[in-house]
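In the structure tokens that follow, the same protein chain appears in two forms, which are kept apart as structure 1 and structure 2.
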Structure 1
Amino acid sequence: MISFPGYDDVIREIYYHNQDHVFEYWDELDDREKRSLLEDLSSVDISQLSVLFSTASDESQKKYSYTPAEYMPFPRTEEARARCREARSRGEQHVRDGKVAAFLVAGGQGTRLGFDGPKGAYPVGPVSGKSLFQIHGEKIRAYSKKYNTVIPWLIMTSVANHDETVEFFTTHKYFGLRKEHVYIFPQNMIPSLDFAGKLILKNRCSLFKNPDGHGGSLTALRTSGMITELERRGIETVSYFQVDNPLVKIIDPVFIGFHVMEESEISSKGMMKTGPKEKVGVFVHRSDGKTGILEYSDMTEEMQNARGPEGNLLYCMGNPAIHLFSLKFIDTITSGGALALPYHVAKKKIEALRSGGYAEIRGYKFEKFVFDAIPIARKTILLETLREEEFAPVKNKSGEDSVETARDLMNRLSFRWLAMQGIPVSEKTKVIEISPLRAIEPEDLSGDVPAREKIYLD
């Protein structure tokens, strides 16, 4: 057994769990490298990983039966519209009072997009070429101005893209936001395992790890000290969104209003699925009485195709990953150490160092999903939202849910907003982009637009 002063316990633990292959290069390491490897190993919960490995291919955990989740439909009656107006006014007051923070999760690896850099730096503006980060940042500036308030912006990165993200924000002068209202912090990491349940070396003195999923964001709010900071600022509501949706309404007063009025702990937006085969998770009511989200891959054919009496899809509420959390709720569920959200397992290719060289192996990656917090909440609400107004995911390089489709959706929404305001657009015009600094909602638009093929309204 190897030894190193001050690390007896961790070394014993590694041998006890038969993971001592991680010391394969021990004799070649200098003291600094040895300490670095042992520090890395100290941060790992080996017992938890053993349990995760033993359940990685266990299907018996899916123990609920499901019915469709109840939701608040998009208002179609005068009464419902009046409720929305009330919610809007409550929500606006909540924002004006400085009780809302924006929380962007941007720690993902963006493998499908294959972009060399943080996904948020990807240029999506159909005319301006603005990055996702810039679009989000300008929205936050616009909301702050509209409601004459400060909206702190939390950005969760990962170890892999943290420095680049900070640099991007610095280069772009925080997109006009004051730096003291923007917090950028990395999420936690968890080691991957090979198919034999063994830790994997990334290099001679560190383990191969991956970010612990967007579900790690709630724990990261605690470990980064953000919960205390938000409490100090008087924040009550955290508006969660993902980096790859340029259409997201980061601050939606109606949504916030319902969240406050209903004293909800987690509120979610849902959108009608485009059809049975759309690969999004759906909101469900579980047999334990809780609301949750069932991933597309966990739905049976029968569930995917199930229809109601009027022929509509039964499991119709797709998840666009837009949520509001009460800060108190996040504080409560993360206060006892690690938050007990389940880990989901994915098989992936990993570049591993073993037997003196690098090789591509296959292994397990463990991730938490933020929506698994929904069943923990005492009170949740689900609000139907219009997909064309709020959802344009940038997941792939081309084809479905790609930059092209997102730009097209942004363009269509610009046309829609102008039409809603009765502003005529020339037949010549093919592409319109509206800067969030010009209009954050259609009502902010007025005046004429030029008759050009491409228009950027800033």
Structure 2
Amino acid sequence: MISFPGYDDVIREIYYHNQDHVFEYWDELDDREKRSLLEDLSSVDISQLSVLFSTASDESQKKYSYTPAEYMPFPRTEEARARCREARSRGEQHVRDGKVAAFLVAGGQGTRLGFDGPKGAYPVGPVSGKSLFQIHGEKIRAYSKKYNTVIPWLIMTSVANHDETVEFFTTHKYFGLRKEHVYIFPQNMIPSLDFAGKLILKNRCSLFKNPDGHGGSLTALRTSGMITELERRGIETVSYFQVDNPLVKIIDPVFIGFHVMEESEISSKGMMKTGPKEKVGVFVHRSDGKTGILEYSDMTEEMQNARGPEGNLLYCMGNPAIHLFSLKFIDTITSGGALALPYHVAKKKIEALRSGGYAEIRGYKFEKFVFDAIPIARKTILLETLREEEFAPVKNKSGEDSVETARDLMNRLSFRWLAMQGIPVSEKTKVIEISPLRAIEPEDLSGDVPAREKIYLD
């Protein structure tokens, strides 16, 4: 058995679990490299590896039958609108009382956009060229001012973009927010395993790891110390959203109100699918009585095309990845108890260091999905939102769900808000962008609009 001062417990654990092949190059390493390898191993829950491998080897995954999920439709009657007014009142008070935090998942890079850097730094404003980060940050500033409160902003990065993200926020002075209310922390990494259940070396002094999925964002709240910090601040509700959606209503008092009134542990927004082939997950009711989300790739052709008596899609509620979590619920499912998000397994090709050289092997990568929290929760609700008001994903450089389509949707929403307020717009105006600092709801708008081709209302 090898030895190194200060790491005896880690070394014993590695040998006990028969993972000592990771020390194959030990005699070739200097002290700095040895410490680096042992630090990397220290970050791994070695006792969990057998559980992960059992998950990967288990071919008998639970199978369910499905029916469409029940949801609260967008209000189209006076009775429904009255309920929304009540929910809005409750939600606004919840925000004013300082009980809500915003949680942004921002681990992605801008590679698919042809952009070198964090995706959140990508300039998406149709007139201003503001980044996704700036648009989200200014929304939080506007909500905080409107409700005379402090809304902590939690931002989960990845190992790949953490330093760049921190630098971007520092350079832009946190977009007018106070630094002490913005928390930036990286996602956790989890080791991959080969088909024999063994750890894989990326190089002589580090393991091959991958991010633990968007579901790992909840675990990151615990490992970063954020659950404790939010409890200290009196936060009860966490608003979860993803970086690539510039239209998201980060703090929606109606949504928050229903979440609070129903004592929901996790609440979700859904949107009508554009058609049977739209590649988004759908909300379903499972045969075990739970609500969940079924990935598009797991839907049968029959399910995708199923129609109701009036010709509408049966599985119609798509997932825009907008959720509210009870902080107590997050605490429960990340505490290591019986309630926890399951791991999903993917078989992938991995470039590994083997026998003195690199080789492409087949191995298991593990990740968690945030929507797996839904069937675990004691109480959930699903609220319909209008996609044209709240969903403009920036995933591709061009074509579907692209920068172009997102800017177009932002432009259309600006025109719609002005029309709702009866504010005339010149025929020569083609593009309008409304700064969140000017308005975060149409009711915030007033005044005239200049007659120009492109307008930025700040």
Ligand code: UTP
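Numbering runs along the sequence of structure 1, starting at 1. Treat the numbers as computed from the prediction; the structure is a model and nothing was measured. We call the rigid core whatever largest set of C-alpha positions still superposes within 1.5 Å between the two forms.
Item to check | Form predicted in complex with the ligand - which displayed structure it is | outcome: Only structure 1 matches the form predicted in complex with the ligand.
Checklist entry - Comparing between structure 1 and structure 2 on the rigid core, is the C-alpha shift at residue 197 2 Å or larger? => result Superposed on the core, residue 197 moves its C-alpha 2 Å or more between structure 1 and structure 2.
Checklist entry - With the core lined up, does the C-alpha of residue 70 move 2 Å or more between structure 1 and structure 2? => result Residue 70 C-alpha, core-superposed: shift of less than 2 Å.
Checklist entry - If we fit on the core, is the Cα of residue 346 displaced 2 Å or more between structure 1 and structure 2? => result After core superposition, the displacement of the residue 346 C-alpha between structure 1 and structure 2 reaches the 2 Å mark, so yes.
Item to check | Cα shift between structure 1 and structure 2 at residue 15, which is computed once both forms share a superposed rigid core (Å) | outcome: Displacement of the C-alpha, rigid core superposed: 7.9 Å.
Checklist entry - After fitting the core, how far does the CA of residue 112 move between structure 1 and structure 2, in Å? => result Its C-alpha shift, to one decimal, is 3.1 Å.
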